[in-house]
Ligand SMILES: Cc1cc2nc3c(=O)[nH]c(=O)nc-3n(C[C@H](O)[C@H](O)[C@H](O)COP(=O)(O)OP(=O)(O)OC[C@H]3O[C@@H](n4cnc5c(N)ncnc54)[C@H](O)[C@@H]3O)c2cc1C
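In structure tokens, one chain follows: the form predicted alone.
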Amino acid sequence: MTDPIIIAGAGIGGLTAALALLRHGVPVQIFEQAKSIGDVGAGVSLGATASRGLYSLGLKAALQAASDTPLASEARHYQTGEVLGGAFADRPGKVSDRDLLNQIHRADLFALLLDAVRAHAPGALHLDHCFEHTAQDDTGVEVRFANGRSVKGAALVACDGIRSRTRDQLFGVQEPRFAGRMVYRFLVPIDAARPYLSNPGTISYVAPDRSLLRYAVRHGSVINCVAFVRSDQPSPESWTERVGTEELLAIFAGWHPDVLGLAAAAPVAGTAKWPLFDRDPLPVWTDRRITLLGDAAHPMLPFLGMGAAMAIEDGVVLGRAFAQSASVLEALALYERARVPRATDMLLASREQAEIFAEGPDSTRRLATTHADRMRYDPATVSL
């Protein structure tokens, strides 16, 4: 193949796909709408399926060096702190499980993926390119950007998020579904957080219609906190709407002292809120030489912690599909067949999990390890 695969979007999914393709000898060009690369975002927890995928791309050492690994993972009562259940609390000898859990700042994950891509293709990333339109014929695709530039390639992989313009063009415009919940995220420096870490490890405090998850990133120097709160009305759809201390404390009124302490210590500059959206599953992602990946294909709620993981899985499988196929059309068809059932299952399971958590502590006590089989998935070895 001489013409490159065009990747629209340089998020976690786009960069993973680019790296997977490059490692199989497939040239890529990546176009990102942002004008600059910065230290943005907060923590992301990568479970076993994501870690297996990234390890298969040669990133095990870099990922583990940049990540924190939880010593315990527990759900606790929002008022008393009573343990409701846990992944490691009752299995302290299961070291192999912990080896596949990587808690990392999103910007650090982005940086190591970008470094790996640039090691293969130094000039592959192009900033300030907002997707506008694409067309295709029997020989390739042409993509036009809002800045006036047009590029040609062998195929287009759209990694342009939940409001994907490529998805709209292929399958019609449809608004995302508001999930009736707001996300609050804040980062607390460890010196301010330390008095409120009476329970070590990764902790999820669970209440009816709301919960708070907290874990360490950047080698314990920062505590990442994310809360999910039932809401009838979404606020403006922005990842950067700031939240004052009074609003956070009101959300957690009557909660465990550790939660209240973390909320009080949250710097406003590192605190944001946004509404949660997803979409109904798509039965088809691909139109000949154009396909979707990550949130463009299957935006899902975060209650299984699998949003980034699913994009990583997509990218790894996409690379393998090209390695096993004789043509672009065959590769994209193979990728779609391999990924649509998995993504549909996880999207619907994430919705179900949201309702279970919304019931509060009693439902968490009843919650069995119903997702264990799903977490055994390995994008690097699964049959395509």
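Note that this is a predicted model, so its numbers are computed, not measured. In this text, residue numbers run from 1 along the sequence as written.
Below, we refer to the form predicted together with this ligand, which is not included among the displayed structures.
S.K.: For the chain seen here without its partner, which of 281 to 289, 170 to 178, 187 to 195, 299 to 307 has a heavy atom within 4.5 Å of this ligand in the model of the complex?
M.R.: Comparing against this ligand in the model of the complex, the contact stretch is 299 to 307.
S.K.: This ligand isn't shown here, but in the model of the complex which of 226, 217, 75, 262 has a heavy atom within 4.5 Å of it?
M.R.: In short, 226.
S.K.: Can residue 325 be called a contact residue for this ligand in the model of the complex at 4.5 Å between heavy atoms?
M.R.: Close contact is absent here: in the model of the complex, residue 325 is far from this ligand, nothing within 4.5 Å, heavy atoms only.
S.K.: Hey, in the model of the complex, is residue 274 touching this ligand, heavy atoms inside 4.5 Å?
M.R.: Within the cut-off, so yes.
S.K.: Residue-level contact is defined here as any heavy atom of the residue lying within 4.5 Å of this ligand in the model of the complex; does residue 357 satisfy this criterion?
M.R.: Contact check for residue 357: no, nothing within 4.5 Å of this ligand in the model of the complex.
S.K.: Examine residue 252 and determine whether its closest non-hydrogen atom to this ligand in the model of the complex is within 4.5 angstroms.
M.R.: Flag for residue 252 set to no.
S.K.: Using the arrangement in the model of the complex, list in sequence order the residues of 107 to 134 with any heavy atom within 4.5 angstroms of this ligand.
M.R.: Heavy-atom contacts within 4.5 Å come from 129, 130, 131.
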